[in-house]
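Shown next as structure tokens: one chain only, the form predicted alone.
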């Protein structure tokens, strides 16, 4: 996937020199098959591990305050208990969103701002997992983080109610936080939840429409609302807790949104061509569900024989015998190449926005490392 790497290394038009410096420091890498490659260097891994260790005790304390019925589901969802309630080794996810909150606060306000932003980091992680619990029910996904999804273990109703409780916990944390940024942070997070719901509604509505009835612009807008909004909100909350100027809060929100769209583009590539042993999901799960993912819609709207073949396949019920043919049609129609190039372009835009708010490459390094980590992910 050489074009992905080349486009990321190009300097965006009108970018400040600091953006060019950031681009040179960490070009995005991919493997021979065009999948995200391993992170070069420990920086992002260290940031994420630090965030996970900081956030988990506060996160677990919040969940322990829930009534037993919802607490059990939430603890299972985070990987901390087995279905019978006995302790489990745990896989609560990568903590990308709380890491963004804490890293943004630190970049703009130093260690004190980072420490002060803990409630916001936990709130963002609670909201993220509220969406995961609900999404798994709506999408009827049976696996998450290499184990059965909560709704398959406890039932749809319990999973939905646990998700609702996590959202309430998030807003309660901010409401009880004495920091002066907590009120605007709560308002911003509530607005983000509304946007997330609108994006999810758009996503489910798209699935009911024919393959020829979906435009690329509306799918990009849906993806920004579903994925980019919360990453942008996480960065903005960190900036708020650092006491940043309004324009810097807006720039970090835009940075997170662009990085989030790059994240979704790569996630959609993984959804078609990912390795099940690494993703924890069946190969081609998105194609099997006939999802209008970004590479698929790009392929459908490209014109030509491969696009027509893909449209015809998408009109038919899923047949596992056609899975490889469907993936090949997406690739031949340009969907995979388009998604990879778009991800590179969105990362370039993200770096422009980051340079506006944090011009010093050293201060911006942690946020850049996190943004590039999500575009290199393979599970």
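The shown structure was predicted, so the numbers you read here are calculated from the model rather than taken from an experiment. Residue numbers count along the first chain shown, from 1.
Although not depicted, the form predicted together with a further copy of the same chain is the subject of the following passage.
J.: 227, 263 and 341: each with a heavy atom within 4.5 Å of a further copy of the same chain in the predicted bound form?
T.: Contact check failed for every one of 227, 263 and 341.
J.: Among 172-180, 229-237, 303-311, 265-273, which stretch sits within 4.5 Å of a further copy of the same chain in the predicted bound form, heavy atoms only?
T.: Comparing against a further copy of the same chain in the predicted bound form, the contact stretch is 172-180.
J.: With a further copy of the same chain left out of view, choose which of 66, 51, 327, 348 has a non-hydrogen atom within 4.5 angstroms of it in the predicted bound form.
T.: Of the listed residues, the single hit is 66.
J.: Quick one: from 250, 216, 168, 153, grab the residue that has a heavy atom within 4.5 Å of a further copy of the same chain in the predicted bound form.
T.: Only one option qualifies, and that one is 168.
J.: Can you work out whether residue 130 and a further copy of the same chain are in contact in the predicted bound form, taking contact to mean some heavy atom pair no more than 4.5 Å apart?
T.: So residue 130 counts as contacting a further copy of the same chain.
J.: Contact between residue 55 and a further copy of the same chain in the predicted bound form at 4.5 Å, heavy atoms?
T.: Although a further copy of the same chain is absent here, residue 55 would stay clear of it in the predicted bound form, with no heavy atoms inside 4.5 Å.
J.: Could you confirm whether residue 164 comes within 4.5 Å of a further copy of the same chain in the predicted bound form, counting heavy atoms only?
T.: Residue 164 belongs to the contact set for a further copy of the same chain.
J.: Using a 4.5 Å heavy atom cut-off, state whether residue 158 contacts a further copy of the same chain in the predicted bound form.
T.: The answer is yes: residue 158 has a heavy atom within 4.5 Å of a further copy of the same chain.
J.: Residue by residue through 174-196, which ones have a non-hydrogen atom no more than 4.5 angstroms from a further copy of the same chain in the predicted bound form?
T.: Counting only heavy atoms within 4.5 Å of a further copy of the same chain in the predicted bound form, the contacting residues of 174-196 are 175, 176, 183, 186, 187, 190, 191, 193, 194.
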